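Given as structure tokens, the chain that follows is alone and in the form predicted alone.
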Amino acid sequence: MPGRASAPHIVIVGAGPAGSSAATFLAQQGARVTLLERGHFPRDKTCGDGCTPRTLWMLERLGLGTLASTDGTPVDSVYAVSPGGVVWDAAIPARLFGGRASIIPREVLDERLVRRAVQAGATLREGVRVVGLEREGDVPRLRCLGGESLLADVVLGCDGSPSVIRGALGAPGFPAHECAFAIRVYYENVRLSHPRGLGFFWDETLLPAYGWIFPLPGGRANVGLGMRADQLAASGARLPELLERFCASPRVAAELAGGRRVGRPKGHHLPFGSSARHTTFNQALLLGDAAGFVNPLTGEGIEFALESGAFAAEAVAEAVHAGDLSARGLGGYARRWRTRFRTAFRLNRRLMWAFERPRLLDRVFRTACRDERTRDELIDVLSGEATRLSWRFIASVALGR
């Protein structure tokens, strides 16, 4: 934002991937950035810890390209089991950002990201809990627990889900059929059959839930399960009970044999990107989970959080240059994320129907095992890169060939 007599003050609420990404890019542009975090780093964040190929590309853009190998487990394949026991194992193709993914514990990832933001020039304030957002004339004022308040030129709500900033801006919540709950637990001393693979499991007795096993450094693993909120409520089941059943299922129990559970299971809320609409306001934007930027099919959100941070920084720079910080002036943000995210979110929301039907999913996996093009499209889906399915994919699955 060169040329301004005084740099705009951007206050970012939440120092997760979205907040730290935005803070880094904004600080590099010359903005005055204050990053507020209710916790203290290093701190845990309930998540699957999976970093897709696009996530690693974003980390490179942020100057953290070595993080995937120095602090994570390199991943180069997908290992998936259908409800009927069809096993599908495939390498991530090089056309997807080099074919590399990684599993990085959020306790590590988030701290590295926030330190990068500070290195770029952002001011980090830890232990600050924002409880409200008000207007003082045309100026946003953030209220913090303990009575402190902060004025800002622009507020970025990156405080996850549920989001205080989202509620204060008047944006509606996410309906039960457009969000999910997930639960994860860590294991140590495991010897996985696919130590460099993203493991996905669809067990017929647990549908419509699905589970995962992701390898972590030092012989550890992130093990979890997710289910759409309305389906969970209708089932009468509790996520901890479903997680126990998942871990006791034959294939998963074999993967975890000899391992030891570490700590208690933790759950979190996942709003679906297919219902993301309200993100741009006068002098305020919503990013990451607070905006609903989560893949409905897989629950992946890190890549969308990081990219939304870059989009927000670009939109704020445009608005400042134009001298218009209204929702209209910040409209470049919505144009960017809709172009990049919306089609993929809507496709993956529709695909949830197919992934909840055991015989159909068995057929998809069988077809992918013998047909290279079907396999590539399925990898695109699970990596969050697919925006459409070809007629060839649909015909191959329908005809079982």
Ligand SMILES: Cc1cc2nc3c(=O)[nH]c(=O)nc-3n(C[C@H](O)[C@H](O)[C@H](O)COP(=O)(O)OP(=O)(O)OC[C@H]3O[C@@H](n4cnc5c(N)ncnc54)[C@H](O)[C@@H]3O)c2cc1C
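These numbers come from a predicted model, not from an experiment. Numbers follow the displayed sequence, beginning with 1.
One more form of this protein exists, namely the form predicted together with the ligand; it is left out here, but the text below deals with it.
Chemist: Which is the contacting stretch out of 146-154, 206-214, 251-259, 187-195, given heavy atoms within 4.5 Å of the ligand in the predicted bound form?
Modeler: Heavy atoms within 4.5 Å of the ligand in the predicted bound form occur in 206-214.
Chemist: Within 4.5 Å of the ligand in the predicted bound form, heavy atoms considered, which of L330, I302, A101, A122?
Modeler: When the ligand is considered in the predicted bound form, the option within 4.5 Å is I302.
Chemist: Quick check on this chain: which one of G199, G273, G160, P140 has a heavy atom within 4.5 Å of the ligand in the predicted bound form?
Modeler: Only one option qualifies, and that one is G160.
Chemist: Using a 4.5 angstroms cut-off on non-hydrogen atoms, would A18 count as touching the ligand in the predicted bound form?
Modeler: A18: yes, in contact with the ligand in the predicted bound form.
Chemist: How about L285: is it within 4.5 Å of the ligand in the predicted bound form, going by heavy atoms?
Modeler: Contact with the ligand, no.
Chemist: Taking heavy atoms only, is R350 within 4.5 angstroms of the ligand in the predicted bound form?
Modeler: Contact check for R350: no, nothing within 4.5 Å of the ligand in the predicted bound form.
Chemist: Please tell me whether any heavy atom belonging to I183 falls inside 4.5 Å of a heavy atom of the ligand, as the geometry stands in the predicted bound form.
Modeler: Looking in the predicted bound form, residue contacts with the ligand include I183, since a heavy atom lies within 4.5 Å.
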